[in-house]
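The chain below stands alone, shown as structure tokens; this is the form predicted on its own.
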Amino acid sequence: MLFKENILSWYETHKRILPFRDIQNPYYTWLSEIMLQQTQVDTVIPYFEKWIKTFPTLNDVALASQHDVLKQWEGLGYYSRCRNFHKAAHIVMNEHDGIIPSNYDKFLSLPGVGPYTAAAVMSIAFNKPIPTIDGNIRRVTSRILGRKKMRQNAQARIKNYLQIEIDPLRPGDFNQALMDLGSSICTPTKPKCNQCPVNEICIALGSGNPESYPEKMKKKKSPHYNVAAGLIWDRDKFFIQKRSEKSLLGGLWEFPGGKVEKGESLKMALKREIFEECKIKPTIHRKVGVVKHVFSHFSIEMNLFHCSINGEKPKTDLPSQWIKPNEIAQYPFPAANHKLFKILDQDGWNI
């Protein structure tokens, strides 16, 4: 059975129509691969389309401020991807004459580019025969080869197999075909093996239990944190500060506050956090509400309180602003903040 021929034939009929496919634009391909990291395709499509309307070229990205690119990325999550893409755009403009490197090692050296992204862009945009290995492709190949445990030798076997099988004339299509096969046919549960173009050579299917390939990793229980935050008012404006670029959600704006320590009440934690961050002792008024938000490795329950200050002014090393509610759209905020904005819009912004 001809593996690559069957895969490519299936792809020609069943491939997903996506706005960043079948285009001769390395910038679009690179951007889409960055956006697709740990994010579903259906989620990415509207963000991709909005982004390229605002930044039609990589030079437009480089010329934009970090504030503006983060605002366009707002809601997509994993914001370090955006910050790194912005830095990489500057490097391409300044060090590569505005031309995205077609050399694997040079492209890999750019901020935010790992082996998978480099392989995907090289194969799709530059027709280099370099296999990509993401979760979907690893699952498809492990089932074909009958490799259940993903030890180092199994990973090497998968890589070698794909390097041999990749079509040198259509490497991008080959990689994307395997991605699509893994997302639509060779799924983690209830795979549609009768629709698979390479089911005749699949060792996992022959075992009678393809779902058991590869062996699933046990997930650790994610920690959960209570967070207290303050909506600090001074007349008709409230205080926001910008998160450090080195922190989670770096570059986004937020209310001051933080995690509730053991033995603390919400209000005790909020007073402590605001004093640590802003060197002020606010008066805490009524509670706005509470929202839950899940990150990749932990979850939070965020409690927001109306606060006021008596002539004091926050003193912080972070960039900060006093803004009105109608100015929210000018700043990129984390998703949890937007959930709280909805509560405020419904119940009113007044203390």
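The structure displayed is predicted, hence computed values, not measured ones. Note that residue numbering begins at 1 and tracks the sequence as displayed.
Unshown form predicted together with the DNA; subsequent notes refer to it.
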Of 94 to 102, 172 to 180, 159 to 167, 195 to 203, the segment with heavy atoms within 4.5 Å of the DNA in the predicted bound form is residues 172 to 180
The DNA contact at residue 84 in the predicted bound form, heavy atom, 4.5 Å: yes
At 4.5 Å between heavy atoms, is residue 225 in contact with the DNA in the predicted bound form? no
For residue 20, is any heavy atom within 4.5 Å of the DNA in the predicted bound form, or not? yes
Is residue 57 close enough to the DNA in the predicted bound form to count, meaning some heavy atom within 4.5 Å? no
The one option of 110, 278, 154, 145 with any heavy atom within 4.5 Å of the DNA in the predicted bound form is 110
Any chance all of 36, 39 and 294 sit within 4.5 Å of the DNA in the predicted bound form, going by non-hydrogen atoms? yes
Who in 226 to 265 is close to the DNA in the predicted bound form, meaning a heavy atom within 4.5 Å? 248, 249
